[in-house]
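Below sits a lone chain in structure tokens, taken as the form predicted on its own.
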Amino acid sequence: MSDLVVWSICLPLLGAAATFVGPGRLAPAVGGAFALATAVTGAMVTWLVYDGGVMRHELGGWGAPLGVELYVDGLNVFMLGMTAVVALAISVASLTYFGVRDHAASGPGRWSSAGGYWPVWLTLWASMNLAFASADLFNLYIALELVGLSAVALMLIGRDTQVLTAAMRYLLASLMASLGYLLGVAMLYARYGTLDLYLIGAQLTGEPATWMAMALMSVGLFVKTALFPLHFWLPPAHSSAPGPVSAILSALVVKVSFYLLLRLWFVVFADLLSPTFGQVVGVLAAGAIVGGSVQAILQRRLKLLIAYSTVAQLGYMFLLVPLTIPYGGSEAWHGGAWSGGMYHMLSHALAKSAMFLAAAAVLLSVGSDRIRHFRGMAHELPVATFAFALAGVSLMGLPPSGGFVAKWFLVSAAIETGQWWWAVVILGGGLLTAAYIFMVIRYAFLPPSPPAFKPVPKLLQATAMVLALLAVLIGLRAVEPFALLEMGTPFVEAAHVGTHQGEVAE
């Protein structure tokens, strides 16, 4: 059954090839079919790991250190499953979104957005699945590069000067970050003679070359994840891309480099992690939460507001680092903080993709994403408005949403480990989130005024609503995802997870 892991990577690649060589008018149908098959495969891998434990697959029968080995544990399939759900929903929305764009731009010699979108999108999906299943530093580098290049190519579907400028900035930042990561990989290979994550982790020593490799790789991945203050490329990139592409970038792409950071820190460099390191990452995370939220409040364009919100929400994920690392004389890793941070990743992926798809619907309807043009939106586009508000409930951390569960565990971990200042940041960040969410909602309920709203596809709005509902509903049933996260986590035996399992069950 481990072959399914390989198929989760190969199927979208086959789909990309089929949509590239086939007739452009058939690309949406073929791409949609392969998207469904890839999502089903990802869901099956997730279930198999949940039911039977960790899976390994040696490509060609050659395992590490000579061959390439795919490895999936609870964390891997958590990422695979999250990607399957969100990516399938975005694929459905893309069918109607690019259909409307192509119809509006129809004419002799016009280029089909959908024809160019599907091969690149499916390649990006395959690259993300490869990153989640790889256990080798060089394969992870290859996957990281493919993700970055595919993401830039997807942005260029927008075909205007603003998108081109943002895409070039994103590309340069991504390439510089990749260089740092690759230098770190080379230093580790020169010292330990292997690229396997677990073999390096077993031999690790705290010498200068190892510290330098850790620093280079971490900073490179900070840039790719857009951690404050290295987020300069994210707001223009995410706000200028076409709606479904913005959803992909914000909900999924930035999570890939964050996932790699966790694998590196907690598998390869676990022996080097210290409370001081955790506090430094925590300061950057707090800067992201406060700085990103304040910037979001200051925006007058919806997509820029959502993009700065992504900068802020990424901070909550990084807070799991200071809250997980043993602190205050304790030698135990805090499993509750780990689960809370990862659950925030899931709830954010669902909520943020819902927000960007709702914004795409508004943009198609109004022709502008300036918030002052949204007067009467609640009456004219009730589904999109409700989807945006519902996603905001999860981002704010209100019960019973997934965001509430995630922040509850993070705040509990902050109090239990004596790091109360992170609890203040989390609660304060929730209030700032409410400020920019209600700013949009307020305009939506004001009396209508020009420009007039045009009809938009119901399927696009419905997809946003489904994702927003999922962002809330996952707060009602967190036992299985939390159990999945505990499978194969590097510190699960030392973590105090029993207490938190009981809390989730309640």
Partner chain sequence: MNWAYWLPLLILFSSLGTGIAIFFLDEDQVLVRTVLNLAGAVVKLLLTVLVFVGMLTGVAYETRLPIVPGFELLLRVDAISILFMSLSAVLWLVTTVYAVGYLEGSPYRSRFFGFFSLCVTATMGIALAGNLLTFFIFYEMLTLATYPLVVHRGTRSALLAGRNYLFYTLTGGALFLAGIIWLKLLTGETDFAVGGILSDFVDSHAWSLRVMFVLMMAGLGVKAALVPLHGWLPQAMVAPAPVSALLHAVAVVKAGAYGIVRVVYEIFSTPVAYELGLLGPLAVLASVTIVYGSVRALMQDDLKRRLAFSTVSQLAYITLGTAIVGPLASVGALVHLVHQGLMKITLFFCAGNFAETLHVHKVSEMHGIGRRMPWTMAAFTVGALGMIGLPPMAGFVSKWYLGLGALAAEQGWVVGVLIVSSLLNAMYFLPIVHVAWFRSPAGPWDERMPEARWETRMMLLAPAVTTALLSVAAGVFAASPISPLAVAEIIAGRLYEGL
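Note that this is a predicted model, so its numbers are computed, not measured. Residue numbers count along the first chain shown, from 1.
Just so it is clear, the following notes concern the form predicted in complex with its partner chain, a form of the same protein that is not shown.
- In summary, among the residues 156, 304, 393, 82, the only one with a non-hydrogen atom within 4.5 Å of its partner chain in the predicted complex is 393.
- Proximity to its partner chain in the predicted complex, taken as a non-hydrogen atom within 4.5 angstroms, holds for one residue of 327, 192, 408, 141, which is 408.
- Within 4.5 Å of its partner chain in the predicted complex, a heavy atom is found for all three of 416, 477 and 482.
- Interface membership of residue 378, defined by any non-hydrogen atom within 4.5 Å of its partner chain in the predicted complex, is confirmed.
- Within this chain, residue 198 is remote from the site of its partner chain in the predicted complex, having no heavy atom within 4.5 Å.
- Not displayed here, its partner chain is approached by residue 427 to within 4.5 Å at the level of heavy atoms in the predicted complex.
- Taking the partner from elsewhere, residue 441 is found to have a heavy atom lying within 4.5 Å of its partner chain in the predicted complex.
- In summary, the region of this chain contacting its partner chain in the predicted complex, judged by heavy atoms within 4.5 Å and restricted to 168 to 176, 354 to 362, 432 to 440, 216 to 224, corresponds to 432 to 440.
- Residues 386, 393, 398, 399, 400, 404, 405 are the ones in 383 to 406 with at least one heavy atom within 4.5 Å of its partner chain in the predicted complex, listed in sequence order.
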